[in-house]
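Let's start with one chain on its own, the form predicted alone, as structure tokens.
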């Protein structure tokens, strides 16, 4: 089992959390992309000399901004896809029908929606079975425990401010690595 990425969207369709573990596999015949290490803050280190221009600083600043824009665009594309497919499933199958996942030749997208309209999306390899129960466990054991019950966490994440909770991050990483370890041990 390979998990590529995980997204949480709030009821206002904003991506409030995203995490990428592995990049999705390149399409057959596609040119390989070079990995660019970027800062998670997106801040560039500035020189104290106003006439000194460090090309490495400018390059890292551009790549950090580019990576942040790409992540934001990816989240918007994923939500748009989920929104469209969910609406199509409801129109074709009736209100009781639920959109759970879809698969392409490259990845499988898993979807879970809570009663409070939080939407959890996970991208995995094509051979992975349904991750609906896994996302439910993430919601119950991690999201509710570390984000909802945290009195310092905002209730609404306006403008896509996102979730900044260290315990949630650590718990999610441990949960996913444990899940991957279990699946690797069963082969």
Partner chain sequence: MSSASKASRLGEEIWKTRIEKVNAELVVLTYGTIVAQICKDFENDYAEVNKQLDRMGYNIGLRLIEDYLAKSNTMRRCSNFRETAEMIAKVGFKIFLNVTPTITNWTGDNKQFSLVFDENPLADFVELPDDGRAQDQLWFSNILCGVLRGALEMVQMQVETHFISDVLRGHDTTEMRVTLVRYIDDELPPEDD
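The structure presented is a predicted model; accordingly, all values stated were derived computationally and were not measured. Positions refer to the first chain, counted from 1.
Note that the form predicted together with its partner chain isn't included here; everything after this is about it.
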| query | finding |
| --- | --- |
| Residue 150, heavy atom within 4.5 angstroms of its partner chain in the predicted bound form | yes |
| Close approach of residue 127 to its partner chain in the predicted bound form, 4.5 Å, heavy atom | no |
| Contact of residue 19 with its partner chain in the predicted bound form (heavy atom, 4.5 Å) | no |
| 4.5 Å heavy atom contact, residue 117 to its partner chain in the predicted bound form | yes |
| Joint contact, 75, 164 and 178 to its partner chain in the predicted bound form, by non-hydrogen atom at 4.5 Å | no |
| Residues of 93 to 108 having any heavy atom within 4.5 Å of its partner chain in the predicted bound form, listed in sequence order | 96 |
